[in-house]
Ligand SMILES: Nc1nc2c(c(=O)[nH]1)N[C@H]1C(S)=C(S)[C@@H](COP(=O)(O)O)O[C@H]1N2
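A lone chain, given as structure tokens: the form predicted alone.
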């Protein structure tokens, strides 16, 4: 999907709310943008309030998981960054005690779990996949992250950037996904790992992650900067 279509889908709920604003049209007028921002912040607060840190997203049987998971990005798969095990290092920053970079080999030595969950895309499609990896909360505890901080942010090799609240980061289903359908994560899906967060919409699941940081300042998000809600829980 191209950028304009993504903006249309992402802004759908906020645009609908504008119908209640007398005298406003759908434009770049400052008053409209302020109204959109207010609605978006309200949505974020409501979603954060109802989020259950221990409430699990639905899981499915292995027979329901697709083998050829759909590719999704704002660029074609042929433009996916190619990261190699020899050169890759996961960088750590912010409120973390041990900021030693992690190699792919070291990441893959972490304890791993498997989950079969549904990926829900803001564009209107969904797909069930089998994901294997390390719970992000386990990794954050191992590196001495300050889990009393508010947020965890991510930077990626393809220029993407995203952030989540700490409660979501520590949720038992939030994975650093190393495998898809029992195979090492393919390049087009984010090798060496992507975040798999079944309690969030798909665009909150960054891939090609190269930096993780812990902070009390709300991280920016690639699509949030283009009109999507920041929390975007489901």
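Numbering follows the first chain given and starts at 1. Keep in mind that what you see is a predicted model, and the values were worked out from it rather than measured.
Not on display, but discussed next: the form predicted together with the ligand.
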Requested in this report: May I ask you to state whether residue 168 is within 4.5 Å of the ligand in the predicted bound form, using heavy atom distances?
Outcome: no
Requested in this report: Indicate whether residue 156 is a 4.5 Å heavy atom neighbour of the ligand in the predicted bound form.
Outcome: yes
Query - Close approach of residue 205 to the ligand in the predicted bound form, 4.5 Å, heavy atom - result: yes
Requested in this report: Evaluate residue 213 for contact with the ligand in the predicted bound form, applying a 4.5 angstroms cut-off between non-hydrogen atoms, and reply yes or no.
Outcome: no
Report task. Determine which one of 117-125, 89-97, 138-146, 104-112 lies within 4.5 Å of the ligand in the predicted bound form, judging by heavy atom distances; exactly one does. Result -> 117-125
Query - Joint contact, 57, 200 and 231 to the ligand in the predicted bound form, by non-hydrogen atom at 4.5 Å - result: no
Requested in this report: Scan 56-74 and note down the residues that get a heavy atom within 4.5 Å of the ligand in the predicted bound form; none is a fine answer too.
Outcome: 69, 70, 71, 72, 73, 74
